[in-house]
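Given as structure tokens, the chain that follows is alone and in the form predicted on its own.
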Amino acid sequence: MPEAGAVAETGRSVRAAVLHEIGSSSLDIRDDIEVAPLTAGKVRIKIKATGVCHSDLSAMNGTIPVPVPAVLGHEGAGEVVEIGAGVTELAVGDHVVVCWSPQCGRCTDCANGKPHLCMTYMMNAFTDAPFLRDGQSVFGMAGAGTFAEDLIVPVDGAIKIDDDVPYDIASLVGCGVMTGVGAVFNAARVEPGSAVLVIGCGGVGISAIQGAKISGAATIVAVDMVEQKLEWAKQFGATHAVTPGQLQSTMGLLTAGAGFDYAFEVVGRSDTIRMAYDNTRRGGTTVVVGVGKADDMVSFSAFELFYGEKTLRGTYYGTANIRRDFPRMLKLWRAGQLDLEGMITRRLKLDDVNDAFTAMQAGDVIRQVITFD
């Protein structure tokens, strides 16, 4: 039973955006989705704002595995409206950011200082459906499903924030900002005065650029094919912004041909991963941030791996410790060092979610936020 003070709303229908089939180009907006009954160790959250992330599109096209039918969305913030038995960390009325990859704090990965690799809850996303329709299971993307008015997550998947943080700002921390800034802070550990390359200037790429600026990088080169994104990149801290065709000459000019100290690939394609690696100096670090397809292979020769002595690594969820890093992102926002307001290009309603994907694919936006109030 919920603890005293909880507001029981089990069985209530909510509006949600549902993916019925992998490969579909649009989501189905429905008002007959029920939130599953609350169980021990979980909380019900009324979603107030949710970002539209490229990973939602990757779920639709099959790049990211998602069981269907599923409510998409994973970058959200809201208010706790009900708590399950045994929950003591949160109370009804708390404001929270949804974490789509909860960290239990108890498993081997968490104990070894790699909580971002915690798998305690992740497999539940394929077996534990947080929604129902006509008595049938409806899953949530990555165990979340923030394109819904309400959702249920494990208590470890809801990180408390101060009540004065606007929900639209808070929502961005739940994925894109944490992934991009975390790649810089946690995965690469960019040093002051360094030269940084960022390939891909969507919401995560812009976040990586801001992270590099905060870290004190002297040179930040942004690469994208969309002219508007290059302009945005300069607004958020890039010292140079070029197309892929201009990268080689720019690298030669700025690094005397040696390459960048750090290169971040924020696209998720083998050719751009290769581009990032090739433009990293000997002994430098290449970080793969973008989510690519499982069958998109990247080749390296045995000699170049030996001779270049470069670090090539991935970063999952910005290599984040969410209990440390979510508050850290908001502290940087409060200090005026991390511009989250400026990243929100459009605010829209749930009915506009399919238009949001069109705008995203056209490169017309940095981040779009759906609000429910």
Ligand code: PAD
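Residue indices: 1-based, along the sequence shown. Source: prediction; values computed, not measured.
Below: the form predicted together with this ligand, not depicted.
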_Location of this ligand contact in the predicted complex, chosen stretch of 156-164, 296-304, 219-227, 123-131 [non-hydrogen atom, 4.5 Å]_ = 219-227
*Please run the contact check for residue 115 against this ligand in the predicted complex: heavy atoms, 4.5 angstroms, yes or no?*
no
_Please tell me whether any heavy atom belonging to residue 353 falls inside 4.5 Å of a heavy atom of this ligand, as the geometry stands in the predicted complex._
no
*Does residue 202 reach this ligand in the predicted complex if we count a contact as any heavy atom within 4.5 Å?*
yes
_I'd like to check something about residue 322: if you look in the predicted complex, is any of its heavy atoms closer than or equal to 4.5 Å to a heavy atom of this ligand?_
no
*Note which of 170, 151, 266, 233 lies within 4.5 Å of this ligand in the predicted complex, where distance is taken over heavy atoms; exactly one does.*
266
*in the predicted complex, the residue from 289, 72, 77, 188 that sits within 4.5 Å of this ligand by heavy atoms*: 289
*Could you run down 159-185 and flag each residue that has a heavy atom within 4.5 Å of this ligand in the predicted complex?*
175, 179
